[in-house]
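Presented below, as structure tokens, is a lone chain in the form predicted on its own.
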């Protein structure tokens, strides 16, 4: 009996090491998606829930939830962009400008996560209601401002809730930036704008891509912020799923909406990854 060669033994060892994580991946990700896909092709039972069948009617009925898709595909990218706009200067300041107390400032960025996300979002209801920011604006002569239950309120909640998730990937990229490159750019008489455009931004692009993907993917399934700050008037796909599964009990249609959401996210992430690869920003960025 021939003994297995070194290459075959390495392959067997690799397969054995990967087996637990592969089984975990299949059991907790692939199989639930298969179940949802099967449900999406079924029919709603008379009393609600799932009834076996094979129909594409649920997918043909997706335009019935067009508002939820439109709101999500509009506010999720806008919210991601706003997080980037606010996070990049903060990450740059922490990585490049701060010399002392950097750890303390980083802890302050993380600090909101020490409190329940529900409580933090609920606090914004008070701040955005008539007795909050609008009343403060009325004192200085700006009256009639309405914030709560509007897309603006949802975007404010998104930026507040997801800003740290954008800050840290960008911070890691900027913190690893070779400062000698900035000095070289200055020696070549590059102004600050040119230095940022030609040196800082390209080298921090992996962190930007990582932060944008992280925030965007989470926002696509967001439920709490639109529910509390949108007041049921700004409906995301996550809100539509809760309604279909728990209230209407139309599991097949809810599964079709969920599958459509997964497809949209796969396409969006694929396009973003392809663009990042084209820009040379595929270097792995650690969040820690």
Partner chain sequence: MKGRGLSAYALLVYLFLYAPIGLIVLISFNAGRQASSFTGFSLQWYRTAFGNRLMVEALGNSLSIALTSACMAAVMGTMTALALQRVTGWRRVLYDGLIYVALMVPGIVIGIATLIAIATVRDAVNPLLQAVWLDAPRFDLGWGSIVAAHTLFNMALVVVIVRARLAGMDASLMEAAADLNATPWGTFRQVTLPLIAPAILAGFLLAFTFSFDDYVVASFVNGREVTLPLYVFASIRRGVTPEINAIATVVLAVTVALLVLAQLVLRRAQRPRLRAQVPGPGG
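Predicted, not measured: the structure shown is a model, and the values here were computed from it. Definition used throughout: the rigid core is the maximal C-alpha set that superposes within 1.5 Å between two forms. Positions refer to the first chain, counted from 1.
Keep in mind that the form predicted together with its partner chain is not shown, yet the notes after this line are about it.
Asks: Does at least one non-hydrogen atom of residue 59 fall within 4.5 angstroms of its partner chain in the predicted bound form?
Replies: Flag for residue 59 set to no.
Asks: Answer with yes or no whether residue 51 is in contact with its partner chain in the predicted bound form, where contact means some heavy atom within 4.5 Å.
Replies: Although its partner chain is absent here, residue 51 would stay clear of it in the predicted bound form, with no heavy atoms inside 4.5 Å.
Asks: Can you tell me whether residue 107 touches its partner chain? I mean in the predicted bound form, with a 4.5 angstroms heavy atom cut-off.
Replies: Looking in the predicted bound form, residue contacts with its partner chain include residue 107, since a heavy atom lies within 4.5 Å.
Asks: In the predicted bound form, is there a heavy atom of its partner chain that lies within 4.5 Å of any heavy atom of residue 238, even though the partner is absent here?
Replies: Yes, residue 238 lies within 4.5 Å of its partner chain in the predicted bound form.
Asks: Could you list the residues in 29-57 that come within 4.5 Å of its partner chain in the predicted bound form, counting only heavy atoms and keeping sequence order?
Replies: Read in sequence order, the residues that approach its partner chain (within 4.5 Å, in the predicted bound form) are 29, 30, 31, 32, 33, 35, 36, 39.
Asks: Is the shift of residue 186 between the shown form and the other one large enough to count as movement, that is, does its C-alpha move by 2 Å or more after the core is superposed?
Replies: Yes, because once the rigid core is superposed, the C-alpha of residue 186 moves 2 Å or more between the shown form and the other one.
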